[in-house]
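We begin with a single chain expressed as structure tokens, specifically the form predicted alone.
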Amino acid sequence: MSEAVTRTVTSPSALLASLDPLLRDWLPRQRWFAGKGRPVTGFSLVAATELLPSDARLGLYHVLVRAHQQLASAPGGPEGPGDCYQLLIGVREALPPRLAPALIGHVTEGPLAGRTAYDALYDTRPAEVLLEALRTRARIGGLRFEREPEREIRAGLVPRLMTAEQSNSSVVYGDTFILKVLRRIVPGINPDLELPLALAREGCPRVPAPAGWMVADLAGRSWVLGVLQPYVQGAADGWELALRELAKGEEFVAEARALGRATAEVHTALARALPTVTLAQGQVRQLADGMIERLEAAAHAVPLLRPYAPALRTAFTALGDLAAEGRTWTAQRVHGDLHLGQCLRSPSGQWSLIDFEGEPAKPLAERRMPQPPVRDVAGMLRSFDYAAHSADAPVPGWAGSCRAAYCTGYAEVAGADPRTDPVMLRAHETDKAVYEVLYEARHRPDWLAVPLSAVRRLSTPEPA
């Protein structure tokens, strides 16, 4: 299976036409669909590859499809270029009851007429096909499956789909590996593969080293489709762990301090592995201007934010003023979307950082830009605040203790405490809180009080 196999679909336009009416209903309902609230006006096929023959009892297609949507909600509004999604579509005569949650729909026309289409990642056999392709470094049509040469991948590991809500899909193989299948994909170097590979070369134990990865080679460009990493059996993510301790009224200080150390270890390794840059007045002014633009847009969209906007703006102008006085900062590659849910604690107590994709809504080039390390710190500080507000019974001082312990742990490894740079820290935490206000107003209005409480605090900062 290591040699290239040509399995591009014979009539891709007919395949897409047969799936189109089903995808219009099914795709927008998926957790990982990015264009919610805007009508899907059509699909265009980027690539389609047959992984299991469609005339067999079970057929399997790997499909990259671009969903076209109106930019505005009003009918007849302009269309955007459309996001590209990775789909693994299984086809059967009928679905067994265990696959009912995977149903896409019953095909009524085209080459698959009379058969049932479903999300194949729910099914054992299609998931096995992906692992076998990675194990044998297969080439199938435009798909390329790679693995680390020294990493053994045993055959026959039993797969199971993780059903927790996430922006991608994950399949666990025999408690040995986890395959993260990216759903919304773009061409280019994906940081979710790039950064863990760089950290593995540095010998950083805080990030699981990739064992394999899936790539599509199309029109001279590569698209990263998925990453296979070791599965940490029995691990708890930081969010679940924090809420568990809060429910018991227990403190989280020791864990927060350990998380700070883990974050600093990753930052230190990334600074060794990849280039760093110096941010002088021009770059810092650009950074502050972007934060001001996001604040103005959020205040326009969320009236509750408007009374605080002038005070919040000072967090960003203060940063620009400091740069004008000659202050510089170092920027480097960072996690980009760090919070408690992106951290895993193994049964032995070891913390790991996962999911280096960055904020999926941002362009890939922006996600790969060097950033001040305090951006990750600010994300984690906001996450402690979210956890504290999510508890059924509030624990006074819990978030503040965690925030302090996290910064202390970070300083123990990095040699500098983030709190000693209060202007940069306040700017990034304010920027994050503004983003949260806009997100919650649009998606979870019941949670709006959480970032608004941070906005009130950040608009009246304590004197240095």
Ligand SMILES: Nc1ncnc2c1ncn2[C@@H]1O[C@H](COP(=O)(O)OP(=O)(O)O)[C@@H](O)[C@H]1O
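One-based numbering along the sequence shown. Keep in mind the model is a prediction, meaning the values are calculated, not measured.
Form predicted in complex with this ligand: not shown, discussed below.
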Site check G59, G90 and P159: each within 4.5 Å of this ligand in the predicted complex by heavy atom: no
Candidate stretches 96-104, 128-136, 148-156, 228-236 - the one whose heavy atoms come within 4.5 Å of this ligand in the predicted complex: 228-236
Interface membership of P210, this ligand in the predicted complex, 4.5 Å heavy atom rule: no
K180, heavy atom within 4.5 angstroms of this ligand in the predicted complex: yes
In the predicted complex, M214 touching this ligand (heavy atom, 4.5 Å): no
This ligand contact in the predicted complex: A262, any heavy atom under 4.5 Å: no
Candidate from D376, E357, E255, D119 lying within 4.5 Å of this ligand in the predicted complex - any heavy atom: E357
Among the candidates Q342, Q86, Q371, N190, the residue which, in the predicted complex, approaches this ligand to within 4.5 Å (heavy atoms): Q342
